[in-house]
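A lone chain, given as structure tokens: the form predicted alone.
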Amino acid sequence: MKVSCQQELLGKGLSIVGRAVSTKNTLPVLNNILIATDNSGEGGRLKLAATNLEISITVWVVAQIIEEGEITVPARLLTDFVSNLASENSVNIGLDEQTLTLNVRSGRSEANIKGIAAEDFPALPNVTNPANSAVIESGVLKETVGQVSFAASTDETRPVLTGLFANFSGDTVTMAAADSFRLAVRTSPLTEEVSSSFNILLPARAMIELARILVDDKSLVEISVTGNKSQALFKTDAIHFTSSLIEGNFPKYQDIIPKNYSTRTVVSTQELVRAVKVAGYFAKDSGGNIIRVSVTPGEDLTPGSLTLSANAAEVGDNRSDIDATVDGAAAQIAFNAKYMSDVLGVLNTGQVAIELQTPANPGVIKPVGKDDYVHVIMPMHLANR
């Protein structure tokens, strides 16, 4: 193998595939990145791939291929070395097939890295003749995953709740995640209608990694699912991301979303974020991370208000009042501070609506001006407080 490529492109490719490398495995080759020449398509490319047997990432880097070859080398060592090379220099890579040693040179820096034969690397999943497929803009998929994934459970004893439920129907995809205390649902447009509706259950951790490497633009991502719904492939021009799917039936989340409200409050998102952040400093010492929410309707020409408060007996308390537009009667409820902070952190509208029924019923948070997202939070119990 003899290859030459730009340091910036190689470094970026290594950092992307490195997300699929796990240090918690018993197979040494899984700590490695597969490097292989690829003359398919227009011009030469260098193929970089890694897998932890749950997700697999393959990236192609534009390169000049002088001699073909393939090898696997330790991911962290190669990535650290390349990332510290001068970005304006090209990187020359050569392989001694007898000793399985990769020589990497750039400028006046050089490294020899011992590898493992490519034949020992696990076969990468390949979704051919998919049973179901869809196409979505990269930026849309990135935002959608970001708005629901944090609500998924981390409790491995309930694997279904560690996933993102995705329903592809017509020209939209609806993703949902829940952990028994909150529910996030986002509906997003596809670039074209799917041939037939289908559901899959995607591991939240895998989708978070996918969102991190997706570009926030209008480039397209092709989603392909195997016939037995065991694997899903997310494909862009330069990246293939494959994830195992979760077996099981996701709860009927539609039944969890309240159909009506007694009080609807609209406030500035920025002001609410600030108030929740301040209250959170006190809530974390309260024993339950509790923030109290009180809604007061306006009178005559005076606006209504939303009051957030937290009380920690050994530390102190705080209170923040925010002007609000209130539809309905006065209301009170208590939420987990982190849950409020999490959902507000993914909203990008100027105003947010909070819909309430009683202190014992779930609350609903929605962005104002958009009807594609809904977040449900279970209330906290305030007995004897």
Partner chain sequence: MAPPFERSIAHLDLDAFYATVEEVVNPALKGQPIMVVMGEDLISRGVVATASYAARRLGVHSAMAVSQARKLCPEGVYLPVRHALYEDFSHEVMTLLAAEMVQLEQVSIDEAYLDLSDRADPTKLMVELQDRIVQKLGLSASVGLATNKLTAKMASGYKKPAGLTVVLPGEEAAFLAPLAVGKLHGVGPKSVQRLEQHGITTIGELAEAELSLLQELFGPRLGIELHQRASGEDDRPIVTERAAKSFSYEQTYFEPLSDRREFWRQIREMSAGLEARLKSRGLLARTVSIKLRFNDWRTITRAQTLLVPTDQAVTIAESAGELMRQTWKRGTPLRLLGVRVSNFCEPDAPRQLLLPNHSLPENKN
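For clarity, every value in this text was computed on a predicted model and none was experimentally measured. Residue numbers count along the first chain shown, from 1.
There is another form of the same protein, the form predicted in complex with the partner chain; it is not shown, and what comes next is about it.
Contact annotation: of the candidates V266, I213, V127, L201, the single residue with a non-hydrogen atom within 4.5 angstroms of the partner chain in the model of the complex is L201. Note on the partner interface in the model of the complex: the residue among V21, L9, V376, I16 having a heavy atom within 4.5 angstroms of the partner chain is V376. Partner contact region in the model of the complex: 251 to 259, out of 110 to 118, 88 to 96, 251 to 259, 141 to 149, criterion any non-hydrogen atom within 4.5 Å of the partner chain. Against the partner chain in the model of the complex, the set V29, L77 and T236 makes no contact: no member has a heavy atom within 4.5 Å. Taking non-hydrogen atoms only, N336 approaches the partner chain to within 4.5 angstroms in the model of the complex. With a 4.5 Å cutoff on heavy atoms, R205 does not count as touching the partner chain in the model of the complex; it lies far away. In the model of the complex, the partner chain sits beyond 4.5 Å of every heavy atom of F241. In the model of the complex, the partner chain lies farther than 4.5 Å from every heavy atom of F168.
Within 4.5 angstroms of the partner chain in the model of the complex, the stretch 163 to 184 places a non-hydrogen atom from each of F165, A178, D179, S180, F181, R182, L183, taken in sequence order.
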